[in-house]
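Shown below, as structure tokens, is a lone chain in the form predicted on its own; questions about how it binds or moves come after it.
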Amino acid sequence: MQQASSKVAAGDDAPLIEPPVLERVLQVAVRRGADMAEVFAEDRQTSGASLDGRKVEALSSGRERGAGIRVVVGETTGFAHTADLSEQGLLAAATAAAAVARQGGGGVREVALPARRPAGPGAEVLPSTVAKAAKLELLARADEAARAAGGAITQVTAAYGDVRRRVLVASTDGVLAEDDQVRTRLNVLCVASGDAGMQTGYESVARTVGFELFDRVDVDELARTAAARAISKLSARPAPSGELPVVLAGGSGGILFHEACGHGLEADHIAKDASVYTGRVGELVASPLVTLVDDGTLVGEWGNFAVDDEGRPAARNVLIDHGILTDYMWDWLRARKEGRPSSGNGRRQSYRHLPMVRMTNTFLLPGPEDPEEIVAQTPRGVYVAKLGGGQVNTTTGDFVFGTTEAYLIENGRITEPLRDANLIGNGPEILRRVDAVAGDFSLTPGTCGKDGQSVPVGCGQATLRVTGITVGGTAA
């Protein structure tokens, strides 16, 4: 592994905007009367590479800087963004945001920000200090390892990416916070060809760390896993149809709970009465085996950060405690209306976007069971080793998810691989049907889309069994 210095580049510890400038910009934003004004500044550096058919298909790097200014007056929010971080550019954006939020008003509001506390990157090896050749060498290794898994592998696509995101948040609420987030990822997609046609296998690793990730992760093994997943599906049989017990492998089913119940616990959906969980705090909404947590403080996980995009510290929030709904996830705007603090769930895709309530790392806590025993105690069902994407209606809780690696359970044993199928159900009902939870907890990285914005998240759980989910297979 080629190592590189993680020394912060000159000037990277300087504030994106100097505090005196921030104070003047915020004063302009509220001088005509406003409940709150906020400056969110961002400096994002990215690099990426992809290898397809043993050829470098893409090699990119980029950097963008800018600021978004939000002004809140009563129930109205004004927002403007600019790529010009000069005082003149920021003042123009503040004036525009204030004009949208309110016409007229009066009075002067003094703005005094706390002392600045610089934030350093959590990475040991900044990806920007690593040569492009070293990143391409990772992709070549993954390609070679995947192809070595067998002649059935006919295509391998490997992709690498990293991002360093420095943010600064200042508001008239007395917030002055910074964060320096470094994320690194690698994924491998394999295609296997045989009598059953073409089948795909996918595996990835993604962490909120620097290039040291590849001292901790075996890239060859990751590629072999993707290849084996594709090859196994060449001999897969059609999945059964109908309602069956489903065992979700540790980490693999987190996306189901993220979508099927996580979104329904976001306070903006609650405020719109667009969630099956509206008004149900204190009620039993799941099996007593289910404790659902959203935690942005998990160091190194994909949804980890020091402060959210409103400057509030990341937090661990218990949403469902042994089946009882205890709380929702909150950003500043929704929390303000309820007279309570934010839960650190205000996130945005970039400085061009307003923050909204978003998950961080959302997962079910592990239980006492042995994962092998859970399978052994299932006479017939489906074992899902890896879930794919899906859709959910937050108002009803109804969902559809695809499987990308699944097996038949017969007489308490995992037997034949199954072709991709759909799992169809209702989030609250599925939570009530969890009857066994093991201790082999793990998290899976992902990208969550909501209202046109995407943010990195983690989701996960230990191996667990749901007594019945409708499997949309093709077997008679």
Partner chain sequence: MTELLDVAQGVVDRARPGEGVEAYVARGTETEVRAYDGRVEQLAAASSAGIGIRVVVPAPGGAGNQVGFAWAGSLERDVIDQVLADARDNAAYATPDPDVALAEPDGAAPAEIDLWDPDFSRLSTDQKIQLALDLERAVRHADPRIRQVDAADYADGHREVALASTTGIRAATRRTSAFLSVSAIAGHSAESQTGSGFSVGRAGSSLDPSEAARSAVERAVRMLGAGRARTQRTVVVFDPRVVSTLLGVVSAALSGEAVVKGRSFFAGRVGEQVAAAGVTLVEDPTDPRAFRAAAYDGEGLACRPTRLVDAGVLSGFVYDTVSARRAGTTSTGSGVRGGYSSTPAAGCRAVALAPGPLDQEAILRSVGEGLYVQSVTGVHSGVNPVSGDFSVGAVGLLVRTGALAEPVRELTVASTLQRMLQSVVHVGADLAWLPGTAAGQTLAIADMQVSGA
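Residue numbers count along the first chain shown, from 1. Since the model is a prediction, treat every value here as computed from it, not as a measurement.
Below: the form predicted in complex with the partner chain, not depicted.
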Answer with one of Asn304, Ser342, Thr172, Gln199: the residue that has a non-hydrogen atom within 4.5 Å of the partner chain in the predicted complex. Gln199
State the residue from Ala421, Met36, Leu408, Val28 whose non-hydrogen atoms include one within 4.5 Å of the partner chain in the predicted complex. Ala421
Candidate site Pro19, Ser128 and Arg336: all three near the partner chain in the predicted complex by heavy atom within 4.5 Å: no
Verify the contact flag for Gly389: yes if a non-hydrogen atom of it lies within 4.5 Å of a non-hydrogen atom of the partner chain in the predicted complex, no if not. yes
Test of understanding: in the predicted complex, would Glu75 fall inside 4.5 Å of the partner chain by heavy atoms? yes
Distance check, His81 to the partner chain in the predicted complex, heavy atom within 4.5 Å: yes
Could you tell me if Arg63 has a non-hydrogen atom within 4.5 Å of the partner chain in the predicted complex? yes
Of these, 203-211, 150-158, 371-379, 309-317, which stretch puts a heavy atom within 4.5 angstroms of the partner chain in the predicted complex? 150-158
Could you list the residues in 125-159 that come within 4.5 Å of the partner chain in the predicted complex, counting only heavy atoms and keeping sequence order? Lys132, Ala133, Leu136, Gln155, Thr157
